[in-house]
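Heads up, the chain below is alone and in the form predicted on its own; it's given as structure tokens.
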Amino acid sequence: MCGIVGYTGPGNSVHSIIEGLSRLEYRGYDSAGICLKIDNELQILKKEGKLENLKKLINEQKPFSHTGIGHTRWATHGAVTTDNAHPHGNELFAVVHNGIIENAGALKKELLAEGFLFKSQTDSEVFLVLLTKFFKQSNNVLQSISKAFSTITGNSAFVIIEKASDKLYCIKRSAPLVVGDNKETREAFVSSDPFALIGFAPCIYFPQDSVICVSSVSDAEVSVNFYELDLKPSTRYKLQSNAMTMDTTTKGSYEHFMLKEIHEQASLIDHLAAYYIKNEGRKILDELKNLKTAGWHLTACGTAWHAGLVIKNYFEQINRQPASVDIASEFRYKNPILNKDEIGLFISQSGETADTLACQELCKERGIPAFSIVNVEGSTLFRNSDKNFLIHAGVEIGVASTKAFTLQVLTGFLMSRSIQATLDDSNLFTEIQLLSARIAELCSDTKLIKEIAQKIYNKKGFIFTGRGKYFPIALEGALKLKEIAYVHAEGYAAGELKHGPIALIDEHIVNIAIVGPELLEKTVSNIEEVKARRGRMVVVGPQNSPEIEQLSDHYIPLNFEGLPNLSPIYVNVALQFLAYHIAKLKGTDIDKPRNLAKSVTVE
């Protein structure tokens, strides 16, 4: 959600901060701001709306500063206004914040009664006022940060600069935060996302919760120090090299990041299969051989939840092990029945999804092993899991997830096959290679899908249907269309149409029906029901099927042969293209859909 970038060093902090914030635009935001230390004063510039508004203000004033912090805000407490934009500052400190202070209301009431004033409606300013209050009592910055942070509740990350020095201070609780440095250039950085630090910081640190990080620069060196809340030195952080390159965060020749990421899927499938079957990832999967469990608890949000529904089918059908899939935001509150001979599997692209992390924490409290399927190594989910299965998708910039879904499902499939000790089966690698080839073929010619999009994009609503293993794909197809085209779309199990949703069908509604070779006759019967009610029918089905094609208004033929396990991924790519082209025709902001954030780090 909110994007944070901080810099201290010999250069102009403005350039690094604005570049970092530009890279984080994909996360979603509604205002932006920057605080710079200039002539021993803290100067704040901020604007509601796009980052371009802030850039224009900066270009007019042309500030120079060696130390600064920047922020893109996604509103939670307080309306979208310039006053509510971050950073928040006073005569001593400036802060930026990602997360929610749950007890902000009570604390603000107390602070107002003590005579403190507030300039905004945000919960974030409560931390600034607490910090100022404690500093006036102790004249010790670290102690004041510790006391202020210990006073608040809720998941948050803060970055602080002070008038009296060029240091960057930061601290977090169950929210993303990364610290970086470049010893050659004597620069230090902090961000809510490591992608903002590509090309700036060769070394990055992932601090654990409640660790205060202090970055400082002198003429001789740059230093990053870590402290516990009792101000004793801390070793609770992970250091790793930042090997990512700028190629991963540029669109290249593609019009949108989403389109680029759809096209990347074929090669990423090949790389992931090679990693887990033939290279170093094999050791990780081999640890699952003959794994016995009384059941799996899969939890995730959004697209990752749909991936979990597909993976559930693998565990139950291939391994004959019970699996439940819960939306992470619901799991904790249903008082789930958890037994120590079960396994929690948490799925997240970012590894920072607040609701998923809360489910992981609950399972660990109950003594249940925590596994993850995650993209970001070093993320909170990664650090807190007993076993991690990285999907190696690279940076996913498009807010609407595409390649992450594909690789999450494929990783779950490989886990399932490893439990059966069948990774050496030649048919396994053959099917994965065939999936990659079919997706590459689909990417090479999308003319038909574009033509269909042109004919249906102005319809009133869209109903996606699928049976069995294609039901999760119906849900995901509908979600993708909602996210980027801003149209009403719903996914249903095909057999459920007659139990209510069919009341919606008329000539203004499009039914996008997924028809695989499995349960073919029953699915055709559902198509007949829609056609009888004048619904517009788009079928994604087997090639060389004249009977189904004749029932369709528009037909997307796919070659399902040789993909008994992985055809849901194949179908989903076709629906990604359909959603993309409908959104393009409607002129929406495909990479940064309104009201959405890439990583949802608040509950």
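Note that residue numbering begins at 1 and tracks the sequence as displayed. A quick note: this is a predicted structure, and the numbers were derived from the prediction, not measured.
Omitted from view is the form predicted together with ligand F6R, to which the following refers.
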Of these, S146, T411, S350, T122, which has a heavy atom no more than 4.5 Å from ligand F6R in the model of the complex?
S350
Only hit among C170, L442, L479, L272 for heavy atom within 4.5 Å of ligand F6R in the model of the complex is L479
Sort through 183-191, 207-215, 401-409, 273-281 and report the only stretch with a non-hydrogen atom within 4.5 Å of ligand F6R in the model of the complex.
401-409
Contact label in the model of the complex: A94 to ligand F6R, heavy atom within 4.5 Å
no
Against ligand F6R in the model of the complex, would E483 count as a contact residue? Criterion: heavy atoms within 4.5 Å.
yes
When the contact criterion is heavy atoms within 4.5 Å, does G154 count as touching ligand F6R in the model of the complex?
no
Mark S416 yes when one of its heavy atoms lies within 4.5 Å of a heavy atom of ligand F6R in the model of the complex, and no otherwise.
no
Even though the chain is shown alone, can you say which residues of 302-317 have a heavy atom within 4.5 Å of ligand F6R in the model of the complex?
G302, T303, A304
